[in-house]
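We begin with a single chain expressed as structure tokens, specifically the form predicted alone.
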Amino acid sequence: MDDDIYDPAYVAALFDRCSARYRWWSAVSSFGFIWLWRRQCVGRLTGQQSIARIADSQVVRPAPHIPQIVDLMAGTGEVWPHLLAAIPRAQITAIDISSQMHDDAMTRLHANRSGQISHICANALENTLPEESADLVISTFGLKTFHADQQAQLAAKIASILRPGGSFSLIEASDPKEWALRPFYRLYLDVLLPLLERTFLQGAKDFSMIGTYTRNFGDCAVMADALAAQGLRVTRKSHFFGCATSVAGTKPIAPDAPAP
């Protein structure tokens, strides 16, 4: 393959082509696990509205405000129902490099929530959101389209836009290298899924890129290290024998003290 599969223009074109079929095809091809993994990703967010802060030696509770959530690589917005069920008053800023994905999301699923969801069509690595403007940051199934250096850039963006005490949760399809049934998993992603796509989607070859991306991505270890390098508190989790992995954590309210 001569194309640079991590080039933003390549990724944007790929998901523009996939947009109309993404929701149902991803659900069918993942046997419904993708719905469960999105909900689990939301469940790893830590509520931050009750955090007490210290001001003039007094404990100060923050005034109630509308939680600001940034959804990176938001795609067709499949995670938004989970987010709004957990945090009904939230305002979601969705960022995705594919404008077609967002248009399809709002047309098909979320028109009645347009007042709570705004969209920025941009490369997540280049978004210009203000520093410390997000209470929560989430991403579901977009990390695999970034190589290691891009993941480090993304980690810096997340650290920048999160408020102190803010929480993040990211999940991605992965390559379960330690799983005994991995050969069958790879057979499905690398052979059967492309065959099904060509058969049922008029010869399309876009969803079959999942196999290549997941093989290259491995798991969330690189992203976890990149987030920790930005001073964030990070925990990793494996889902269904490592077929997906997630990384979640918080931005400390104050920097950790240096070691003595």
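Everything numeric in this text was worked out from a predicted model, so none of it was measured. The numbering used is simple: start at 1 and walk along the sequence shown.
Below, we refer to the form predicted in complex with a small molecule, which is not included among the displayed structures.
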| request: Verify the flagged residues F15, A124 and G142 against the small molecule in the model of the complex: is each one within 4.5 Å by a non-hydrogen atom? | output: yes
| message | Can you tell me whether F168 touches the small molecule? I mean in the model of the complex, with a 4.5 angstroms heavy atom cut-off. | response | no
| query | Y22 near the small molecule in the model of the complex, any heavy atom under 4.5 Å? | reply | yes
| message | Contact with the small molecule in the model of the complex for E78, defined as at least one heavy atom pair within 4.5 Å: yes or no? | response | yes
| Partner contact for R38 in the model of the complex: the small molecule, 4.5 angstroms, heavy atom | yes
| said: Counting any non-hydrogen atom inside 4.5 Å, which residue from A105, M73, I161, L136 sits next to the small molecule in the model of the complex? | reply: M73
| query | Of M101, A155, L83, I117, which residue is found within 4.5 angstroms of the small molecule in the model of the complex when only non-hydrogen atoms are counted? | reply | M101
| said: Quick check for you: of 175 to 183, 145 to 153, 83 to 91, 128 to 136, which stretch puts a non-hydrogen atom within 4.5 Å of the small molecule in the model of the complex? | reply: 145 to 153
